[in-house]
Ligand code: SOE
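As structure tokens, one chain now follows by itself in the form predicted alone.
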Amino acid sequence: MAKKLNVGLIGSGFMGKAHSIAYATIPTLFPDAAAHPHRYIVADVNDELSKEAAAHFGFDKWTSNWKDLINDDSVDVIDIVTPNFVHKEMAIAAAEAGKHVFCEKPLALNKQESKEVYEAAKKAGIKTGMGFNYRKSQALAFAKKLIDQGKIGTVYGFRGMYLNDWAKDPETPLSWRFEKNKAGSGVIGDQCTHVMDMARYLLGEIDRVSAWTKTLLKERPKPTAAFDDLGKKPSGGSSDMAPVDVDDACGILVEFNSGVMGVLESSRFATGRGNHIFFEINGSKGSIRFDWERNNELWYASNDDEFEERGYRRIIMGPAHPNGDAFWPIAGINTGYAEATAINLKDFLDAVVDGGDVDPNFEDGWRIEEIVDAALRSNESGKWEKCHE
């Protein structure tokens, strides 16, 4: 029988909703899991938001002081889904209190802070998980299986991108995502890190980078609301303008430890793109490509095909693919963002109970921030920069 773990959720925005949906579905999707979550307590910045979150997300209790979760002996797991600038304080406090911690990316604002969080968790001996949930899609897991089985042979190159257009409207107010001291970086940390994580997951560590970044809108209206309306049609801010000091677009050349070369791109100004996360990997025996907007499909090309039949073929995800038997009986019924989040959180909770490894974890979060830091340094230096110590 699955062990019940009491979850303390800090934050009730977009990601709080996604995690709460995942917690609600895990017992149904994975009845034989080692752990099942219990939505015990949720915290946000004021009583109104916290009380509303408890009611909407199905938590027993609420508080407007996140430290109440740290000090509550009944809480087994802390889940941090707040803006970036408070991740470090919350994660270290939870680790020092002996709580197991799941944190949305980034782990902290930069590589040094992220290393501090990682080391605090390691010292505490707790289990940690990171919110790189896209890698938990069936297609990504199947892509890794094909690569590990040698189906595409020696890897020649990787190209990946994360494009959307939610920030292109100049009337979109200056939320914390546009402020370096609150976000750490712009699109390179907010979006491109997901492509970095996919690349590391599939092909191993990135050794060095050469990057450029660009701030496309130098200022935005000061916000009139307290919270980030990510992706919504702008309602406008005040008539006062404030500077933007993070990047809106980036391009990064990468070299993996293996010697494989790649290129990454990300923009929040790509008109017509919704949540376009794409990669293609070419090898000596074949290629694979993936697009999150069609995330139940993996495209595979093989040199083993007859010459006149060569080209990409579509593989539709279903019960035969990783974690597929937890969902639907036939391929093509499809899963999405919530299901990937559920798998990510389920794997983390299981490790809390059975002592297994967590993938991804705080070390992954730290390593990603090392790559971000190297890319930002490269943009300044105009040179290739090493990623890791």
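All values reported here derive from a predicted model rather than from experimental measurement. One rule holds for the numbers: they count along the sequence shown, beginning at 1.
In what follows, reference is made to the form predicted in complex with alpha-L-sorbopyranose, a form of this protein that is not presented.
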query	finding
is_contact(Tyr134, alpha-L-sorbopyranose) in the model of the complex, heavy atom dist at most 4.5 Å	yes
Heavy atom of Asn164 within 4.5 Å of alpha-L-sorbopyranose in the model of the complex	yes
Contact flag, Lys99 vs alpha-L-sorbopyranose in the model of the complex, heavy atom cut 4.5 Å	no
Heavy atom of Gln191 within 4.5 Å of alpha-L-sorbopyranose in the model of the complex	yes
Residues Phe14, Lys105 and Arg177 all lining alpha-L-sorbopyranose in the model of the complex, heavy atom within 4.5 Å	yes
Among 254-262, 196-204, 156-164, 304-312, the region lying within 4.5 Å of alpha-L-sorbopyranose in the model of the complex by heavy atom distance	156-164
Within 4.5 Å of alpha-L-sorbopyranose in the model of the complex: residues from 35-54 (heavy atom criterion)	none
